[in-house]
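Shown below, as structure tokens, is a lone chain in the form predicted alone; questions about how it binds or moves come after it.
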Amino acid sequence: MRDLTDVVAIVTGGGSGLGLASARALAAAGARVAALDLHPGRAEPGILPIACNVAEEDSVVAALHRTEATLGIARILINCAGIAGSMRLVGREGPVDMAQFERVIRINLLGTVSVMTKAAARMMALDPLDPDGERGVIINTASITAYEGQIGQGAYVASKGAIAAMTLQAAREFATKGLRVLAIAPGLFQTPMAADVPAGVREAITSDAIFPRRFGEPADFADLCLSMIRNPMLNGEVIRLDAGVRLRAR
């Protein structure tokens, strides 16, 4: 999908951080963007903010209906909505609080699957864009924690590991309908979620990075999204975006 002019795109978590940067990059490339978020921001050129709780199915359906009524059916979906989930599987107070664990899974994993499948079903009804038969592109957000399993990140690791694992499966399933499915596994980025990371942890992570020795900027994530959308040979892959860092156990 080389030319994004007037192509409709949906970005979840589009009110801040990685999602907002992705929405802005798509709009700058000519796309018409619906930025879904629990707390949507202000409208910007090319960006329509829509309130949506990805963990509530009715909210997802309503947001997709509004997108279609205002902009049309999306051919691009970037799933960035998610929450942190620091908790030990067995801590000082005993086994993990399953309600807290479930909340992380419900938002990060089930929310991603809900939006992905509902948007994909709509994309499949569209006419192909090119001789390859491409109808749309879906990019989900995993995490490097899916591979490196830091202590105290059990719920987050489980949610992001599942997103990484289902990337190839979804790509294979959707292939006959002309949809590509990809995922990005970011390291630590300058987002609202990273604001709670202690200074000592930030220093340890950046000191271990190969290069550059800094947290990623949301624009770095957005740039990769555009590259993945525009390259038709990328499919079924999870791409690490982390400056080469490998996380410590804790």
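A residue's number is simply how far along the shown sequence it sits, counting from 1. Values in this document were obtained by computation on a predicted structure and should not be read as measured data.
The protein also exists as the form predicted together with a small molecule; that form is not presented, and the subsequent description refers to it.
Run the contact test on 18, 55 and 80 with a 4.5 Å heavy atom cut-off to the small molecule in the predicted bound form and return yes or no.
All of them do, each having a heavy atom within 4.5 Å of the partner.
Report the residue, out of 38, 28, 204, 62, that has at least one non-hydrogen atom within 4.5 angstroms of the small molecule in the predicted bound form.
Selected option: 38.
Just checking whether residue 167 would be counted as a contact of the small molecule in the predicted bound form - the rule being heavy atoms within 4.5 angstroms.
Result no; residue 167 lies far from the small molecule in the predicted bound form.
Classify residue 123 as contacting or not contacting the small molecule in the predicted bound form by the rule of any non-hydrogen atom within 4.5 angstroms, answering yes or no.
Residue-level check for residue 123: no, no contact with the small molecule.
Hey, in the predicted bound form, does residue 180 get a heavy atom within 4.5 angstroms of the small molecule?
Residue-level check for residue 180: no, no contact with the small molecule.
Taking heavy atoms only, is residue 49 within 4.5 angstroms of the small molecule in the predicted bound form?
Heavy-atom contact with the small molecule at 4.5 Å: absent for residue 49.
For the chain shown here without its partner, which stretch in 171 to 179, 92 to 100, 125 to 133, 141 to 149 has non-hydrogen atoms within 4.5 angstroms of the small molecule in the predicted bound form?
That would be 141 to 149.
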